[in-house]
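Okay, so here's just one chain, in structure tokens, the form predicted on its own.
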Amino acid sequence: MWRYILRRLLSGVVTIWFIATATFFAMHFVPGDPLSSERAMSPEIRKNLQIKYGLDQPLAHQYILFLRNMLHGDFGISFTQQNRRVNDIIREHFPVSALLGIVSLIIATVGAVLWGAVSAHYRRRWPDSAIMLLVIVAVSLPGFVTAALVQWLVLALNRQWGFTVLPVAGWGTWKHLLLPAWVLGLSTMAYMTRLMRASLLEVAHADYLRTARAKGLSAHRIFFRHQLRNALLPVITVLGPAIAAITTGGFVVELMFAIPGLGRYFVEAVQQLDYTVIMGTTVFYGAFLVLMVLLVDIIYGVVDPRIRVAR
């Protein structure tokens, strides 16, 4: 197992290096530069800024300097936010995105297990059809459409009832967290609901379940101790990418709900060609995804003792 973890760590390092390299050269080959937005800039000021950010150096030298700083955990200074380091932006705003992602993941996982179990139990009956219809709608709707519809509905309820049921934007209290977390986790919940339903139906007629019924075990114990535990394995498989996607992928949700998360700064950096912020956040996201996938692989082996990594 330790050898397997070491191999995965090494492959993760290679993956992060590839992400960093691809992002670096992509940023330097797109038209324009981060200094082009400055107004009334004299050639002398522009040259001084290029020297400050190392843009006057050959591309190969910039690449080596970027890798060396990345190995030391230094992503540089933002081009557009005066005297603000990329590390500070990540440290200050990633916890907001992480909190939003954790709540979204809890909503998605609990909802997927619940609705997947109900759908499998009422297979080919109206509850199953209704849940699958809602799942298709949730998967098909883009996040910004869902966010806009939810905001419109809550605003209508607030006007109808004469008080604020839930805020539709902002950050600061637990109420501000509910709507964006639900919107962010909806598509993931829908996808995992389909997986949960299919997995429960697949293991429903397994030999070990028939043996458990023959022993006289209660239906409650059979479901939670045997059927649900084995049916969770496919869901756990996609949980790692889902964690990274939810925790770091709520760019549109953060913008529409005015949440000061890291995704909002990433979108602004792309619009302003802020090289250091784009490269720093991309490498950070890539490392986070690799870590989540590795953790899920380890948890997968813990949940199912039959799984052992062969040589």
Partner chain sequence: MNTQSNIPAELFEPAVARPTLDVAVASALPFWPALRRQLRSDARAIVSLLVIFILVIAAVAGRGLWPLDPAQQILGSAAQGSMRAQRALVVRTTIDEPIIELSPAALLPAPQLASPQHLQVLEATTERVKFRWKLVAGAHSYRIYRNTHAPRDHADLGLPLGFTTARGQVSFSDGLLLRPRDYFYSVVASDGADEAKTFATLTITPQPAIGLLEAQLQGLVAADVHDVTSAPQTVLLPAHPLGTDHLGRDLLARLLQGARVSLFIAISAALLYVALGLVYGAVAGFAGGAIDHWMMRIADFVIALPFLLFMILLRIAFGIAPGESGVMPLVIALVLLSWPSTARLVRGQVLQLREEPYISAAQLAGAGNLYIIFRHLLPNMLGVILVTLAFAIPNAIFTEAFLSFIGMGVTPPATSWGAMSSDGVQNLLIHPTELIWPALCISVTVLAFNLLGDALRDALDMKVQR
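Note that the structure is a prediction, hence the values are computed from the model and not measured. Positions refer to the first chain, counted from 1.
Keep in mind the form predicted together with the partner chain is missing from the figure; the text below concerns it.
Remark: Y63 does not count among the residues lining the partner chain in the predicted bound form, judged by a heavy atom distance of 4.5 Å or less. Contact annotation: I19 falls within 4.5 Å of the partner chain in the predicted bound form, judged by heavy atom distances.
In the predicted bound form, the partner chain lies farther than 4.5 Å from every heavy atom of L59. In the predicted bound form, the partner chain sits within 4.5 Å of a heavy atom of A148. Note on contacts: among G73, G172, P95, P142, the single residue with a heavy atom within 4.5 Å of the partner chain in the predicted bound form is P142. Judged by heavy atoms within 4.5 Å of the partner chain in the predicted bound form, the contact stretch among the candidates 85-93, 148-156, 98-106, 111-119 is 148-156.
Along 177-213, one residue reaches a heavy atom to within 4.5 Å of the partner chain in the predicted bound form: R194.
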